[in-house]
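Okay, so here's just one chain, in structure tokens, the form predicted on its own.
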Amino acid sequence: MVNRIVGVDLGGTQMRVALMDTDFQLLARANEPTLAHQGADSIIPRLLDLIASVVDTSDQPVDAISVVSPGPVDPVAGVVTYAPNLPGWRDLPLGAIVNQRFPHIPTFLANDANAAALAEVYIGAAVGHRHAVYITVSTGIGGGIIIDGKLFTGAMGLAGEIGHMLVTIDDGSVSSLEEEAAGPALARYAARRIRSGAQSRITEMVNGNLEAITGRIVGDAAAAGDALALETATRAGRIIGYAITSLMHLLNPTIFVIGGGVTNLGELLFEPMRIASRERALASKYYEASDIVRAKLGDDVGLIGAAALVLQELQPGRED
């Protein structure tokens, strides 16, 4: 019987840890900057101390520690295969490292977007859906796939890397969804268009320093009605929409949940997504059966997802 879970959301900017019950109530929490540039040798001891500080607050024995990390993760071996926002993190046995510090507490490790998919199914935007796809659009693009109520991770636990789906772009060259539609991609596209002569208030927003353009700045300019920023958001939305169409054809889910910071663009991003999916779907039944909605759980999605992973393993059927 599971009563207390410690969830750990390891990100490139923040490390978040929380003590939760099986209703996903956050009973205690702690966080601190990751300081990713310092490398694993600095991050891991601080992460373990942060986990310990939360474990020590529990009024009952902790039944599991569940860690979610960006990038491909081998959940069976407990290895972070590659973490794009954590320089130097390759083939790192994080599960064993955590278990060595807390030998009497079972440790789980998973990809953060996979965990987020479960979280949205358990208590978020996808409640009641047994076939769902979660896509996070932020500094990178990640994803999680739920099939028949269960997280699909593939033969080696590496499935769901939606951001690395290959796409062809304007000049016909091969790129990836992440390289074309994540936050930094919006910044690159806007800067490229400005260098080629496009006029935009973005130039004034960064005092002429095009290297300072970020996805957030593009979003702010789009919200203010800037033509280039709106073009940039529409382009990203359509590219994501085409990827969604491919996933509709492949998986036929009943809902797509889109999270991450770039979704702050709201309908400036979602409307072109929906239009693109309708334009390219093989038949109307695909998009009529697949809502495209915004995620509900915000910054806590990784922590909740970490707990949901434990419940899927130790209390199967809870998502019902």
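Quick note: we count residues from 1 along the sequence shown, nothing fancier. Here the structure is a predicted model, which is why all the values come from computation and not from measurement.
This next part talks about the form predicted together with a further copy of the same chain, which is not shown.
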Between the options Ala159, Val206, Ile123, Leu230, which residue brings a heavy atom to within 4.5 Å of a further copy of the same chain in the predicted complex? Ala159
Let me know the one among Asn85, Thr214, Ser200, Thr153 whose heavy atoms come within 4.5 Å of a further copy of the same chain in the predicted complex, would you? Thr153
Is it true that Asp74, Val79 and Asn252, all three, sit within 4.5 Å of a further copy of the same chain in the predicted complex, judged by heavy atoms? yes
Contact segment among 56-64, 26-34, 280-288, 260-268, judged by heavy atoms lying within 4.5 Å of a further copy of the same chain in the predicted complex: 280-288
Counting only non-hydrogen atoms and a 4.5 angstroms cut-off, does Ser176 reach a further copy of the same chain in the predicted complex? yes
Residue contact check: Ile145 to a further copy of the same chain in the predicted complex, 4.5 Å heavy atom: yes
a further copy of the same chain contact in the predicted complex: Ala223, any heavy atom under 4.5 Å: no
Within a 4.5 Å heavy atom cut-off, is His131 in contact with a further copy of the same chain in the predicted complex? yes
